[in-house]
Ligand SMILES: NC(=O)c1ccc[n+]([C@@H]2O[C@H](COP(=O)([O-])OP(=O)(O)OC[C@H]3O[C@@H](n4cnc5c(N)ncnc54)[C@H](OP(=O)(O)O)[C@@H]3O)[C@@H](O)[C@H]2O)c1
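Consider the single chain below, provided in structure tokens and representing the form predicted on its own.
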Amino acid sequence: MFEQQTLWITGASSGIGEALAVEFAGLGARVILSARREDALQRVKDSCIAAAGSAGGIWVLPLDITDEAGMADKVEQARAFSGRIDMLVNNAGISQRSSCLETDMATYRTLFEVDVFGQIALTKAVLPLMVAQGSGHIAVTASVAGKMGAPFRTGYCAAKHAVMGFFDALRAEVAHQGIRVTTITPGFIRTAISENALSGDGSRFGKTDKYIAAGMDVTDCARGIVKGLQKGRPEIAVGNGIEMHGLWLKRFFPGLVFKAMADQYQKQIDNNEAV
């Protein structure tokens, strides 16, 4: 399905983005790797080359997702790689670990700039190319946090709810133009997401929380996402922890979920846990 297709992955320097890049490369795709850290992208490129068996289909394109002014130039560079962009995987993002009372408004704005406006800006820049092609696929890594609220993540949950709303609406707008939209809702995955999360003052949290430490292996996560994409699912939920039950519990028993989240918050406060 992905052989010889050009896939552009943001947030490709680690975590789910890195694991997806390696999986796609192994399936014969041409992969464009984007993130801010070029040295980390070069490391991921080496892993992709090992999976693909050749270097010709892997390209590093450094990108700051918040640099809206430079977005058009980056999109043109990505298009020039093979003459088209078959899939854009909006995977760049940052999380949060702080209560609302402890979180600066500047931190909330940073979360939205990275997790929401950056994804929208890049999608809007790529979309005209896909419309001209008459085909394309846009995917976005949201989160279970985009479906339910969790303590110490008010800004992250707000941003991921916004992402889900935007791309669900976009799916309806482009469905008859040969363009697919997929939202991905991972649960707790063993990545550096909590280490790189923002504290209330915007500083790096710097710790792996217990939920992430007990989460799904990132390679298994990537394989689950790829399988969902191959099956054409418009929404892909992937994870193996209790948080995945929250997706259906929130729909049918919202009061139960609200109480569970409040009890979890109080328990963490009582135990002097920051996450």
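Predicted model only: the values in this text are computed from it and were never measured. When you see a residue number, it is the position in the sequence shown, counting from 1.
Another form exists, predicted in complex with the named molecule; not displayed. Remarks below refer to it.
**Student:** In the predicted bound form, does Y156 come within 4.5 Å of the named molecule, counting heavy atoms only?
**Tutor:** Y156: contacts the named molecule in the predicted bound form.
**Student:** Please determine whether N196 contacts the named molecule in the predicted bound form, using a 4.5 Å cut-off between heavy atoms.
**Tutor:** N196: contacts the named molecule in the predicted bound form.
**Student:** Report yes if any heavy atom of L33 sits within 4.5 Å of a heavy atom of the named molecule in the predicted bound form; otherwise report no.
**Tutor:** No.
**Student:** S143 near the named molecule in the predicted bound form, any heavy atom under 4.5 Å?
**Tutor:** Yes, S143 lies within 4.5 Å of the named molecule in the predicted bound form.
**Student:** Of 125-133, 93-101, 74-82, 168-176, which is the one stretch near the named molecule in the predicted bound form, taking non-hydrogen atoms within 4.5 angstroms as near?
**Tutor:** Of the options given, it is 93-101.
**Student:** Find the only residue in T219, T66, S47, N240 having a heavy atom within 4.5 Å of the named molecule in the predicted bound form.
**Tutor:** Of the candidates T219, T66, S47, N240, T66 is the one lying within 4.5 Å of the named molecule in the predicted bound form.
**Student:** Using a 4.5 Å heavy atom cutoff, which residues in 183-214 contact the named molecule in the predicted bound form? It's fine if the answer is none.
**Tutor:** Contacts from 183-214: P186, G187, F188, I189, T191, A192, I193, N196, I212.
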